[in-house]
Structures are given as C-alpha cells and as structure tokens.
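Starting off, we have a lone chain in the form predicted on its own, written out as structure tokens.
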Amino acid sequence: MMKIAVLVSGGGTNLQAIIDAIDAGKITDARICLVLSNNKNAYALERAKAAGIPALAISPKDYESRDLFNEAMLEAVLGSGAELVVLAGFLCVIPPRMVEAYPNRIINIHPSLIPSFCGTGYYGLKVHEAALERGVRVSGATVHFVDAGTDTGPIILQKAVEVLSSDTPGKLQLRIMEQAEWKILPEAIQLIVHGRVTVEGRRVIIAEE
C-alpha cells in the first residue's frame, strides 16, 4: 500500500478527484497519508477531514525565514511516511532538499500542455488568460515529475482540451479541470503506484499492462 502526501493551496478539486478515484477503485494499493497546505484557510483541508485523512496547515507566515518553513514542510512530509508526493494546486516552490529526498517521486498537475504556458508566473487563471490572449485552439493539462526547475520535469501524461471562441479564463479553467486534470492526475498516480513508470533522461516510459 503506497502512502501518498498531497500538497494543496486552495479549494482542492484535484485532491477530491484523487479521493474519489481511490474510493471508486481507479487508484488501487494506495492511500493518502497526509494533506498539507501552506494556507490555513484552504478548503482542501476540509475535504481531507471529511474523508478522514490527516490534514495539516504549515504557513510560511509562521516562520522567520523561508528556509525554516521549507524545513518544517519537509519534516511533515517525511514524518507522514509518504512514498509519493502529489502537488495538486500547490503554489509554493518545492525546495531542493525535498526534490532530493523524493527523486522522481514528486508529481505536479499543470493546467496547460507543457511546454506551452508554463514556468515562473504561470499558475491558476494566469495560464488560461495567456492561452486565450495567444489565441490557441487547443490547451489542456500535464502531469509531470518535479525537478529543480519550474515545470521542467519529465512529462508523464497530457490531455488536450479544445478552446472555444466563447471561452473566458474561468470557463476554460473549469473545462480543463473536468476534461483533463481530474482524469490524468489519478491515472498517473495509478501508473506510478503499480510500477509502470520509469524515467530515462528527460523522457518517461510507461510500461504496458
């Protein structure tokens, strides 16, 4: 049974997708051992409590330095016994020590088709605003491993979503969540849990069942 820590900053819709996938048997042989947020008011914490999952808020505002905050966050994740760390709308930069502690064991969901609209400054609605401003016809979501860069780790799964002429950033965000994010994040977790994902250089190889 693989233990998973899910890190969140806001509403936790991707967290809910993981919880629902576990309950539905779409993710097997895994359980969420910790939900951690940098935001004490994140609704994701309520979702975790409702599901009987340990929930913890660690705010950088409570620490004298970012290094101390990072240490507390790493200690909490390591202390939970987590073997896989899932960033599900987590808006803090993952410190190098955590990346080193979990090599190819931290995954992130990003609301675009990387390498488009990713990197520093591209998060939340800003991604969809940029996509609409550029006039792309297709956007989507990407699940990737986390490395020392920002959205630069090996890509595990991607799913495309059509951009409509009537889209606003909010409409596009919701449709990408529904049609892509909530599907490929649980799928990627299931692949990793069952040992079907290997990294070769910057490429991910997914083994057949």
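Heads up: residue numbers just count along the shown sequence, starting at 1. No experiment lies behind these values; they were computed from the predicted model shown.
There is another form of the same protein, the form predicted in complex with a small molecule; it is not shown, and what comes next is about it.
For the residues 55, 157, 58, 177, the 4.5 Å heavy atom test against the small molecule in the predicted complex is passed only by 177. Shown without its partner, this chain lists 131, 82, 106, 109 as candidates; in the predicted complex, only 109 has a non-hydrogen atom within 4.5 angstroms of the small molecule. Contact with the small molecule in the predicted complex, judged as any non-hydrogen atom within 4.5 angstroms, is confined among 113-121, 86-94, 131-139, 70-78 to 86-94. Not displayed here, the small molecule is kept clear of residue 150 by more than 4.5 Å at the level of heavy atoms in the predicted complex. For the chain shown alone, residue 173 is a contact residue for the small molecule in the predicted complex, at least one non-hydrogen atom being within 4.5 angstroms. Interface residue remark: residue 190 is not counted as part of the site for the small molecule in the predicted complex, having no heavy atom within 4.5 Å. When the small molecule is considered in the predicted complex, residue 186 lies well away from it, no heavy atom lying within 4.5 Å.
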